[in-house]
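Here you get one chain, nothing else, as structure tokens; it is the form predicted on its own.
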Amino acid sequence: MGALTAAAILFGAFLILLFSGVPISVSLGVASLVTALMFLPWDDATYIVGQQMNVGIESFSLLAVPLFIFAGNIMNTGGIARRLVDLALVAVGRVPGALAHTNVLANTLFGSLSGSAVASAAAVGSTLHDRQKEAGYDPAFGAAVNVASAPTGLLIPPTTAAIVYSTVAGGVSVSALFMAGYVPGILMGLVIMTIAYVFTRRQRYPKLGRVGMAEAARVLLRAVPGLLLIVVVVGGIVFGVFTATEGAGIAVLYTLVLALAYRSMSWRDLKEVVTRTVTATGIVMFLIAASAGMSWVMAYTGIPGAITDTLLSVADSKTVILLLMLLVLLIVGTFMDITPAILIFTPILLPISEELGMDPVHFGMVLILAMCIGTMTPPVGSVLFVGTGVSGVSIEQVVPKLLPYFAGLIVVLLAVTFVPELSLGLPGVMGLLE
């Protein structure tokens, strides 16, 4: 049986199950087992797929994922978001449409600390919603800015998306991935702020009052302990003081001490945080295990190589092939969350990108950025649902307001794809590239 036939069975079964309402992780596992049974006896297929699922989560580096989730949940509950919003208000308060720019900056700061676009959209959106309403902002416009800017934290470290990609891609340097995310993430935030500026000037949304030096200093001092988390964790990982997993453990301890020091989280809150973390960890780890089974089936049947050969034979232009890859990723992002998309498509598209001469770190940034756009697109965009929920507006009202941001972010995606220096410049200067 040919590899392309195996691919048709594997992805056909997966899509049928997925659109039938079966959870993604279960769909991955069942599709993998069905495909394996086309090549192996029942006993061998069930044993090997199950074994590969177990091996897929036997990784010390993956321990960083639940720890960063835990740290993000503590931050979301522990009052750190409010301090970051206050800092953003001081930083951009004199710009027309200040509350929109505050939303973008606060999402960038909080998202980079929590590593969760959904948590960022919920925390920052709920904090600013009433203030935007009092200032006369269109609720749909405010929600669109929040939804568009929340995923910036998935690029700026520390981010679990980079850790998951590093594991699936065969141990690509986490330090290099962390440094590679800064320029694309900041560029993403600047483009969103530029588009928001055009609309806020047109609608004459107000500036905020001038903040005195004493008040600005007070706000900065309140936010500094949270911001130091980036310096401690990212700096320690990049300079080899500790591993990504150890850095995640330090992040948990740091945020827990900070939340207790702020007296903004009770023991009952901590119990709820632990419950949310365990639930999220179970979902993510089951996804990783199921995708490991699928990765083995694809490798055994030769699917990645067949897809690479087919795509390279269809077009001999590197530009055309990269555009086709981006189109696939953008379409996938409309119905799949970022973690399963990274787990499924890294083994398929990474070999193609390497054939085209792309560095794995560069490809990782392209993949994560494309999936960031997917988190805000219907019908399954998790950030879109959360952002509209906290703003009290419908998806139908928000999507038209999001279209300019989609266009701007696609331009950013194209720039990051075709200008490798945007991703590789910083890790290259720091000597992190192999």
Partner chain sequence: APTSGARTSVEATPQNPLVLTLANNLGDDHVTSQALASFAEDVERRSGGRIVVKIYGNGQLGDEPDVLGQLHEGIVDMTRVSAPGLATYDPGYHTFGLPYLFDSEREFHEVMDSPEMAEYFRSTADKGFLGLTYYSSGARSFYTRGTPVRKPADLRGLKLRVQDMRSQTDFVGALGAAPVVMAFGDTYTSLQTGLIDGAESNETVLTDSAHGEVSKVFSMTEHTWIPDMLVIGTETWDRLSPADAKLLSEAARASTERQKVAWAKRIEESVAEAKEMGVRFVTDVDTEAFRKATRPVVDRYAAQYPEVAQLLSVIESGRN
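Positions refer to the first chain, counted from 1. All values reported here derive from a predicted model rather than from experimental measurement.
Keep in mind the form predicted together with the partner chain is missing from the figure; the text below concerns it.
**Item:** Contact stretch among 187-195, 353-361, 102-110, 237-245 - heavy atom within 4.5 Å of the partner chain in the predicted bound form
**Value:** Going by heavy atoms within 4.5 Å, the stretch is 237-245.
**Asked** Is it the case that T388, P400 and L403 all touch the partner chain in the predicted bound form, with a non-hydrogen atom of each within 4.5 angstroms?
**Response** Per the other structure, none of T388, P400 and L403 touch the partner chain.
**Asked** From the list I331, L260, A299, A306, which entry has a heavy atom within 4.5 Å of the partner chain in the predicted bound form?
**Response** Contact check passes for A299.
**Asked** According to a 4.5 angstroms non-hydrogen atom cut-off, is P41 in contact with the partner chain in the predicted bound form?
**Response** The answer is yes: P41 has a heavy atom within 4.5 Å of the partner chain.
**Asked** Should I395 be classed as touching the partner chain in the predicted bound form when contacts are defined as heavy atoms within 4.5 Å?
**Response** No, I395 sits far enough from the partner chain in the predicted bound form that none of its heavy atoms falls within 4.5 Å.
**Message:** Using a 4.5 angstroms cut-off on non-hydrogen atoms, would Q52 count as touching the partner chain in the predicted bound form?
**Reply:** Heavy-atom contact with the partner chain at 4.5 Å: present for Q52.
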